[in-house]
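Single chain ahead, by itself, as structure tokens, in the form predicted on its own.
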């Protein structure tokens, strides 16, 4: 029996991956008293719940700064480390940036687990950082009751090419580049309800860097972007719509889903964080009664290492989606930005 099989990383954790995030309501309560940060060089900060901060150094150069970490979502330490790193790097891609430097953020109960597992977690993270063309240059570690791993990442971007969640325009199409159902899939696997083939597809998506997707998308006139993580599709679309002063009309029939996750959701295999997201966004989401309950649960499902979400003109959206598909990204046009109540999400 290997150390990973003998010492299961997920044995005693309360929530997996991005499902461990504080709920949107809890987070809003905590940060509401923070002082507003103002600087002429701070191009993106906390105002619109952006994926990362962007600071301008010159007319040609800005830095992108982010941090992301979470407890284990699977028992394989190498894959856990890689997925956590891929998830953290995604915030730089969501701003249109290129990762440059990364630091490990690592909590590990060395009294409960052998150090070989810690080595594998760090090695998995390093594999993603290296593939991204980024440099892993150190980090910080402490003892903690459960393992937690992630990265602090610094990237670069041209001030003229920054992607924010506030730039969507009326009549833009919404392009989603990875399938939904990560949270439901992980919970279903833990319960022994996911087939081996679907689990492999789940892991493939979790481990896949969003960088190559961004490279393709940057050929087009992108108006806004974000990535889908712990607050689910509804939550992150709401942030984009509110920041852009628009509403969203979402076509539930066009959502790309992982295999089997709809059936698993129908059986009640839905993470607790999905219900927290539904509660948090209940006032801004109007879901048509024709939309099946299980499908609507997937709208709120917390995604770990989820896909990039782009707002782009209708003229270019179909070309973008087609080019992404040719590169084996399961991209779909899932809805539109429209004039109306700011931040509202209508689902039909």
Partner chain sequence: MNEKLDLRGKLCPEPVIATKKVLDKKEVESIEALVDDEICVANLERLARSQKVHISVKKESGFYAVSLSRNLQTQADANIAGLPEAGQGAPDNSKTGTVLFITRETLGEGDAEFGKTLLGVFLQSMYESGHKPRAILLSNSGVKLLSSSSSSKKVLEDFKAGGSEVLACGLCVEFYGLKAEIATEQITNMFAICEYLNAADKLIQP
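The shown structure was predicted, so the numbers you read here are calculated from the model rather than taken from an experiment. Positions refer to the first chain, counted from 1.
As for the form predicted in complex with its partner chain, it is not shown, yet the points below apply to it.
Engineer: Heavy atoms within 4.5 Å of its partner chain in the model of the complex: which stretch in 67-75, 186-194, 211-219, 247-255 meets that?
Structural biologist: Contact-bearing stretch, as computed: 186-194.
Engineer: Any chance residue 297 has a heavy atom within 4.5 Å of its partner chain in the model of the complex?
Structural biologist: It does: once its partner chain is placed as it appears in the model of the complex, residue 297 has a heavy atom within 4.5 Å of it.
Engineer: Considering only heavy atoms, tell me if residue 141 and its partner chain come within 4.5 Å of each other in the model of the complex.
Structural biologist: No, residue 141 sits far enough from its partner chain in the model of the complex that none of its heavy atoms falls within 4.5 Å.
Engineer: Flag residue 129 as yes or no: does it have a non-hydrogen atom within 4.5 angstroms of any non-hydrogen atom of its partner chain in the model of the complex?
Structural biologist: Outside the cut-off, so no.
Engineer: Quick one: is residue 34 in contact with its partner chain in the model of the complex, heavy atoms, 4.5 Å cut-off?
Structural biologist: Looking in the model of the complex, residue contacts with its partner chain do not include residue 34, since no heavy atom lies within 4.5 Å.
Engineer: Within 4.5 Å of its partner chain in the model of the complex, do 11, 14 and 268 each have at least one heavy atom?
Structural biologist: Yes.
Engineer: Among 278, 242, 223, 98, which has any heavy atom within 4.5 Å of its partner chain in the model of the complex?
Structural biologist: Flagged contact: 278.
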